[in-house]
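Given next, in structure tokens, is a single chain: the form predicted on its own.
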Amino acid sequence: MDFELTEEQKMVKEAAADFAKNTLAPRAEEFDQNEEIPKEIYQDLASLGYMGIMVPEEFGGSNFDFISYILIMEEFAKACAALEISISVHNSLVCDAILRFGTSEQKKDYLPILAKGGKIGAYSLTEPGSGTDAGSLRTSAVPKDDHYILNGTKAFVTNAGIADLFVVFVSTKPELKSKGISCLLAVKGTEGFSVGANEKKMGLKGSDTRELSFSDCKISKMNLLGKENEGFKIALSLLDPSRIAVGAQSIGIAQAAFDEALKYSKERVQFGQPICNFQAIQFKLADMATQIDAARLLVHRAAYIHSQGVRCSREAAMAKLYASEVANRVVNEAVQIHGGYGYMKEYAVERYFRDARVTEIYEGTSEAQRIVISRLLLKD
């Protein structure tokens, strides 16, 4: 069994780590306080190929493999989880969706400009009344002539305020429930399509999260992604890689928190010696490091299976479940090791603590992951 990365993957990881350390990390606190990531950051990312990580070269992308993508996401999340989730949604839920399900015209029209950062993508499945039960979404798309008329509301849409192109799931045959859902590409600025105010969140404050509203909004049938009434299949097929990416984000946050806790434990002196000399602290650090390693192996296993073109729903759910729970345990211990200072905003672990919480919620709650895992186990 080979746990080694290829030379190319090592180079990709090193380059991402360098950019994250020198460009993202120094400004992460600024992004958090301002609840905004400046547009020039996305242009910097585009110039380095990070806006089209898995997009083929023929469409202007970097053509990296999925494992390289996961390595990049971990490094970005270690520096700034808010920026990472924005880039993750753009790459794996928009670019990859078009690459896998788009027509040749849609690929030519959208992938080059997305890969070059000319447009930013957003993904919209969740609604105010449908979260885990995504099949019960109510945003309607009624066919009329050569277009659909959309009405409804979407919630918690990452990148909504900065995005130009939206992957939107709608009900085209409500009587069929999940089997009557379709996927459309919606362009910002279309009449009847509006974006709400930026949500005030506990963590990941730099990422833009808003509500979408459609009121008699006309979307051309040419913007149908995949086949009509097969949108739910698209949503499910995108879940495995996106859950693996959340696992990578969780590892990045956990690793950052661990690094800060380890550093602090060597500097903080109590009772005449650094607190890292105390066994209580040493055991915390040992447990944190072990859990991060285990989570990383689960995520990399799932990433490898997915990269082979094999379905990995169980492995992706396991990776996401364990990594997100590890992230929350590790950041909690990192704050504890910092003591009172860990509760103060001037210390990065306070931000990691807030950022980690959502990893157990989005892309399927921990409870939903356990449902997926248990059902697949019982099916075997």
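Numbering starts at 1 and runs along the sequence shown. These numbers come from a predicted model, not from an experiment.
Keep in mind that the form predicted in complex with a small molecule is missing from the display, and what follows is about it.
Here the marked residues S124, T158 and E363 all reach the small molecule in the model of the complex, each with a heavy atom within 4.5 angstroms. Q273 falls outside the set of residues with a heavy atom inside 4.5 Å of the small molecule in the model of the complex. Interface residue remark: N277 is not counted as part of the site for the small molecule in the model of the complex, having no heavy atom within 4.5 Å. Residue contact with the small molecule in the model of the complex: G131 places a heavy atom within 4.5 Å of it.
A residue is said to contact a partner when one of its heavy atoms sits within 4.5 Å of a partner heavy atom; K107 fails this definition for the small molecule in the model of the complex, lying far away. Interface residue among K201, K116, K284, R301, judged by heavy atoms within 4.5 Å of the small molecule in the model of the complex: K201. Proximity to the small molecule in the model of the complex, defined as a heavy atom within 4.5 Å, holds among Q255, T209, S242, S182 only for T209. The stretch among 70 to 78, 306 to 314, 289 to 297, 150 to 158 whose residues place heavy atoms within 4.5 Å of the small molecule in the model of the complex is 150 to 158.
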